[in-house]
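Given next, in structure tokens, is a single chain: the form predicted on its own.
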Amino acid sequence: MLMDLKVVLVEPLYQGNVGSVARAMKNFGFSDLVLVNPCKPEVEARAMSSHAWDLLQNATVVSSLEGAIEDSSIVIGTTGITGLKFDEHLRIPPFSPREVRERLSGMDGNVAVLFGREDQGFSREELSLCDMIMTIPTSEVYPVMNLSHAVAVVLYELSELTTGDLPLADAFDVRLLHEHIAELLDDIDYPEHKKEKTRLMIKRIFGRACLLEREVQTLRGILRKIQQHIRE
């Protein structure tokens, strides 16, 4: 069976692209589409979706990105612009769709793949919600792809990703882990101006590690012991 993967379009601007994304999803066997504050899919969207109109009709529409990914163990943001500054970690390290497939191979869990606005992509805040960053290797002459073309390329690679035996940690438990780390940084008086970058760095490390349920619980147990010793 294919991994439980959903495609999330963040504020798509054009009906034609939304319809074409639905068609590409059906081409490669995916059906879970989530639209964050989308343009209204009407005649053009229906025409471009062709025989995937049912997928558009059943799409989940939400008002915030947080609502779209709240049940996802791994959140993957796609971008045509990769890392600019290694000390920021906002867009690094970038993985190709094939590398993402290899990292998720053998896993079982909920995965969300995000695609940004056609004109502006993602905001810094939205990118900071991603566990992994994915980019499609393209020509340096013109690296940014059309939205539906990018979705098609990504889903072509991920269509071979089948459910495995290793359970990804539950999204709620992963959030608790990150909150726990934030508490620990406070406990050790970690420099305030470094906290945001450090939390993002840790998020990227855990994202590419694809943490399992038992691993998250073990890490939280270690953090509790550290906090206990600090407070004593």
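All values derive from a computational prediction rather than experimental measurement. Residue indices: 1-based, along the sequence shown.
Another form, the form predicted in complex with a small molecule, is not on view; read the next lines as being about it.
### Message
Counting any non-hydrogen atom inside 4.5 Å, which residue from E125, E160, E102, D119 sits next to the small molecule in the model of the complex?
### Response
For this set of options, the contacting one is D119.
### Message
I need to confirm a contact call. Of V111, A150, M132, M107, which residue comes within 4.5 Å of the small molecule in the model of the complex, counting heavy atoms only?
### Response
Looking at V111, A150, M132, M107 one by one, just A150 meets the 4.5 Å heavy-atom criterion.
### Three-residue site A171, F206 and L212 fully in contact with the small molecule in the model of the complex at 4.5 Å by heavy atom
Heavy-atom distance to the small molecule in the model of the complex: none of the three under 4.5 Å.
### Task
Give a yes or no for S72: in the model of the complex, does one of its heavy atoms lie within 4.5 Å of a heavy atom belonging to the small molecule?
No.
### Task
Flag G80 as yes or no: does it have a non-hydrogen atom within 4.5 angstroms of any non-hydrogen atom of the small molecule in the model of the complex?
The answer is yes: G80 has a heavy atom within 4.5 Å of the small molecule.
### Message
Check P93 for me: does it contact the small molecule in the model of the complex (non-hydrogen atoms, 4.5 angstroms)?
### Response
The answer is no: P93 has no heavy atom within 4.5 Å of the small molecule.
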